[in-house]
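First comes one chain, alone, set out as structure tokens in the form predicted on its own.
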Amino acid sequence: MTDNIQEKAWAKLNLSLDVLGRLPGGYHEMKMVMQSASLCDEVFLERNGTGSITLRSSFVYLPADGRNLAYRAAEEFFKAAGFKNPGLSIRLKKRIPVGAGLGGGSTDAAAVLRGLNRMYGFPFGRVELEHLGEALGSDVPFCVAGGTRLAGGRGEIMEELPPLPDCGIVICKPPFPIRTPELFARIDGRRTRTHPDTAGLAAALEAGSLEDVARRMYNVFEEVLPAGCGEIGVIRQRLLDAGALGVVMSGTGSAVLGLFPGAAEAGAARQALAERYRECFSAVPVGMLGIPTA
């Protein structure tokens, strides 16, 4: 057992996203191909003997109490483990933009679950940690181990896919977020829409074809963007002009990602877009974390 733990919280990308309908309780049934990327936050955990949880973040405007998923993840872990909180300090070094569709809050929560599990000698296996994550948010179960996976249900039903081939990724966020409830309301009010070729994307991953993966990336939310989101289309075109093999909005946005043949091409594209967009990053795919299953 150790008193200090550091975990990287990898960004979550959607290579494809489909909304199949509504589920009981107001949730939506999703079908998504999800991918971890090397853009990450860093999460620092320290036992402090106070009997309470404290949280601070480099994004000072983020809540530091139970409104923060990382804080709630610690509460959930101690409750599930069946012992009293001995006192925990959580520090978040943020890099993942907020309101971007990149799972920043979810991946921080998942990192807290992983870190506490390591701190206390692995009382939970990977599947149990993912189950704990379900109570925190739809993206948290994926973010526990990440990699390349097909997610269904609310996001908690997962199937491992072959890894995304080696490539470079550029992630660019315009200077505004998008309200997730508004996008779901717009999807619910739409009678017909195009669906991503999820099976074709999975087959492209199986074949190891980056070009075929890139061609099949699609997000149904891009069909229902509200007024004032035109910059998303501008970013899409700039990424394509810079040599992206394919481009898609991640999650409910507003960040857009492009796949490039390699890290050098992605770095050059990021540099060009960064002249206009402050939150612009280059990254590479990250594989599934090796957490024991039981």
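From 1 onward, residues are counted along the sequence shown. Keep in mind the model is a prediction, meaning the values are calculated, not measured.
Another form, the form predicted together with a small molecule, is not on view; read the next lines as being about it.
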{"property": "The small molecule in the predicted bound form: contacting segment from 163-171, 123-131, 176-184, 79-87, heavy atom within 4.5 Å", "result": "176-184"}
{"property": "Residue (of Leu55, Cys40, Met30, Val248) lying close to the small molecule in the predicted bound form, criterion heavy atoms within 4.5 Å", "result": "Met30"}
{"property": "Proximity to the small molecule in the predicted bound form, single hit among Gly147, Gly137, Pro97, Pro196 (heavy atom within 4.5 Å)", "result": "Gly137"}
{"property": "In the predicted bound form, Gly26 touching the small molecule (heavy atom, 4.5 Å)", "result": "yes"}
{"property": "Proximity of Arg154 to the small molecule in the predicted bound form, heavy atoms at 4.5 Å", "result": "yes"}
